[in-house]
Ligand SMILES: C[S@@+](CC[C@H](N)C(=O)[O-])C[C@H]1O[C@@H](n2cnc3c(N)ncnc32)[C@H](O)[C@@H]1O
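What follows is a single chain, given as structure tokens, in the form predicted alone.
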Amino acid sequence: MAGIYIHYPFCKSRCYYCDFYSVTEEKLSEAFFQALLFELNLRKSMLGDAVIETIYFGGGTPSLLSAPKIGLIIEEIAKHFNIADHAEITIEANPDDVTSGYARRLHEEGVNRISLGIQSFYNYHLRLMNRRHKVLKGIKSIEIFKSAGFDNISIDLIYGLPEFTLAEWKKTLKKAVNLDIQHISAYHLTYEDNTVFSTLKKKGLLKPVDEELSYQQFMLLSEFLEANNFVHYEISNFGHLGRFSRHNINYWKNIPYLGLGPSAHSFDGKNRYWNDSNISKYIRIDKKIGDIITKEELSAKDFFNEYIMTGLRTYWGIDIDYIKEHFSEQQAISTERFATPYIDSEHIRKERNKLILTKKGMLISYKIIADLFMS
């Protein structure tokens, strides 16, 4: 099995927290579309004869792509790859772009999962983040997708915002649950380099929330959603059974995937690849000698560390027997030894031969993962 990711890099405006590669030069969108079709043909052998179980349109703002062009991309993928009968096909959408006609056409073109960038149910937070939509439009867009036949809808939420109270976060979660959606991705605000929020923080104009409030918001998030039939299956992701993000699970389980578009990453089971984060280079991919891709051959150490990093983020955890079989018995012993202090402090729980982060452990996941890495 394998997945395909399409990075559509265009946005009408940049959100102040976002560090994903994006541009606002929409006049280049047609040139991008033609280059994407060319790249799809160029990379058609990268995944061998693997069956494509997931296709994901991310960005940027892929809901700026017309539904017919989404359909043409899916058709082009089908020409070069064997798409599974019940493949998960997701598009990230900005509520401001959603109309009844657009939602219906997406459904007709084969898209069957929506990831909607709600982020907040407070207009002043949306203004703070430089989001294009308002709260009522976000709610309306969910109803539009439901009416168009979608029954697999995910929303993104952000917590840990400046001056965001615990009471406001609880109201946000209640509203999300009452919308009768199937999946929620909730991310704590981070101040990434070269973002507006990072600049404002450095100038003292934005003050991050304190650790205690972050802890309270995370615990409320997890406990409230679990009490409302959502499974906390990855640090930032919650879904009803049967409605987890299959595409992201493939990433966490190191299943091969092909990434198309500027800045997109790929993995063929042995090597990592990534395209240059440069739209000007990308739209000339069919005209220049050479390629825009960089390759990294992974070592045994890289594979082990990625297994630790991705496995510990999920509720499946890491398996000592798997480490023993695929790496070495000594590495399995070493992993258990480094995990023991965290088991004693209840940051990790051990179930048979699996090590799984507790909620307490999720709050310091980066430290735990780093300590379990192969040095």
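As the structure is a computational prediction, the values presented were derived from the model and not from experiment. Residue indices: 1-based, along the sequence shown.
Note that the form predicted together with the named molecule isn't included here; everything after this is about it.
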For this session: Give a yes/no on whether N248 approaches the named molecule to within 4.5 Å in the predicted complex, heavy atoms considered.
Result: no
For this session: Examine I184 and determine whether its closest non-hydrogen atom to the named molecule in the predicted complex is within 4.5 angstroms.
Result: no
Exercise. Is the gap between K201 and the named molecule in the predicted complex 4.5 Å or less for some heavy atom pair?
Worked result: no
Exercise. Would T61 sit within 4.5 Å of the named molecule in the predicted complex, counting heavy atoms only?
Worked result: yes
Exercise. Which one, 104-112, 238-246, 263-271, 89-97, holds residues whose non-hydrogen atoms are within 4.5 Å of the named molecule in the predicted complex?
Worked result: 89-97
Exercise. Which pick from K146, H188, K137, K281 sits with a heavy atom within 4.5 Å of the named molecule in the predicted complex?
Worked result: H188
Exercise. Given that the named molecule is left out here, which of N275, Q119, S154, Q217 has a heavy atom within 4.5 Å of it in the predicted complex?
Worked result: Q119
Exercise. If you look in the predicted complex, which residues in 331-359 sit within 4.5 Å of the named molecule (heavy atoms)?
Worked result: none
